[in-house]
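Before any questions on binding or motion, here is one chain by itself as structure tokens, the form predicted alone.
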Amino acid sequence: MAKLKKNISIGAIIRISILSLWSLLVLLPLWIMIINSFKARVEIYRSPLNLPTSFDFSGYLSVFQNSSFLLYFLNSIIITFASIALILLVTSLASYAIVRWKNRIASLLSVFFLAGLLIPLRIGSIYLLQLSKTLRLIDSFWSLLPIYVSMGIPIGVLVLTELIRRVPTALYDAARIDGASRFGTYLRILLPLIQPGLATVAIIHIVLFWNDLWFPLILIQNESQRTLMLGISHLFGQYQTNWTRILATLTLGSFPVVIVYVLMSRQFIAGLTAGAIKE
């Protein structure tokens, strides 16, 4: 018994040490970004890890007074959350159909969706640019919508299909006896049960879309249509860079992702661990 307790304590110490180190690696860049957003450029170079000797809010004032931050921020909010809403709708319906249909077509559809995980969408950037021109979506942030939705469908189907398979068939039968349609069963029975999976898919993709620079850089030139990351990229100068302003912009721009994660963290963890323990 003493040996078992010793092994457990050593294992716990190792786990705590690993998690502490990982937390430090994650929090250190955030710490550097936030504290340096209140420093002058010279002080950033001199002591990047220390607290500012005096808080300088010029970077934040410059963000709101001398840039289109609010416009870029709004563009990113619209395209990110519109993409996630469509991804959740499409993937939940597709996963519901794949699980409920017991035939070869459903299996082929599942393989088709999951094949998207093997193909990086960026390799088709030239063809996506040509397609956007054909659809007259070029130079608009709406050109990102079909790209982001296609990026999110494979992961969404993978996560939600496994969750839906764990829903007891008796619930569907009971809903049918009560007169519920297929869509009514999906809306009233299934969606509340797969909320952890929906939260997982949403959080994964909000980080991916919010921080994306590749496709906005290719598809958008008009300043009024720029996303936040694309707008920040134009703050870097050729000969010198106002790091205080850039770090202030990054700090403000990181708030939506942090807020969404804090509000949905429990469901996110539940979605990631769903199916890990058999009841």
Partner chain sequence: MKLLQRQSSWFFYFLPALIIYIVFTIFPIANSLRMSFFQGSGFNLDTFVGFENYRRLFFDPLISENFWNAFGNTWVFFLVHMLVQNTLGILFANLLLAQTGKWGSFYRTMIFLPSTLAILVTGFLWKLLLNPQWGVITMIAAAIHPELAQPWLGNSESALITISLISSWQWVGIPTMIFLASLQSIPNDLFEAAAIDGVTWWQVFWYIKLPLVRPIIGVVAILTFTGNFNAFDIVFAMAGINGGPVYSTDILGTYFYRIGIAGEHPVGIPNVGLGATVASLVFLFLFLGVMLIRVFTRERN
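Being a predicted model, the structure only gives us computed values, none of them experimental. Whichever C-alpha set is largest while still superposing within 1.5 Å between the two forms counts as the rigid core. Residue numbers count along the first chain shown, from 1.
The next section is about a form of this same protein that is not shown, the form predicted together with its partner chain.
- Item | Touches its partner chain in the predicted complex: residue 147 (any heavy atom, 4.5 Å) | Because a heavy atom of residue 147 falls inside 4.5 Å of its partner chain in the predicted complex, the answer is yes.
- Message: With the partner left out here, check for me: in the predicted complex, does some heavy atom of residue 246 sit within 4.5 Å of its partner chain?
- Response: Yes, residue 246 lies within 4.5 Å of its partner chain in the predicted complex.
- Query: With the cut-off set at 4.5 Å between non-hydrogen atoms, does residue 78 touch its partner chain in the predicted complex?
  - Reply: Residue-level check for residue 78: no, no contact with its partner chain.
- Message: I'd like to know whether residue 25 contacts its partner chain in the predicted complex, with contact meaning heavy atoms within 4.5 angstroms.
- Response: The answer is yes: residue 25 has a heavy atom within 4.5 Å of its partner chain.
- Query: When its partner chain is placed as it is in the predicted complex, which of 70-78, 191-199, 163-171, 101-109 ends up with heavy atoms within 4.5 Å of it?
  - Reply: This holds for exactly one stretch, 101-109.
- Message: Considering non-hydrogen atoms and a 4.5 Å limit, which listed residue (204, 128, 88, 175) is close to its partner chain in the predicted complex?
- Response: Looking at 204, 128, 88, 175 one by one, just 128 meets the 4.5 Å heavy-atom criterion.
- Listed by sequence position, which residues of 94-124 have a non-hydrogen atom within 4.5 angstroms of its partner chain in the predicted complex? Heavy-atom contacts within 4.5 Å come from 94, 96, 97, 98, 100, 101, 102, 106, 109, 112, 113, 115, 116, 118, 119, 120, 121, 122, 123, 124.
- Task: Answer yes if the Cα of residue 250 shifts by 2 angstroms or more between the shown form and the other one on a rigid-core superposition, and no otherwise.
- Result: Residue 250: C-alpha displaced by 2 Å or more between the shown form and the other one.
- Query: By the 2 angstroms cut-off, has the C-alpha of residue 230 moved between the shown form and the other one once the rigid core is superposed?
  - Reply: Not so; residue 230 is displaced by less than 2 Å.
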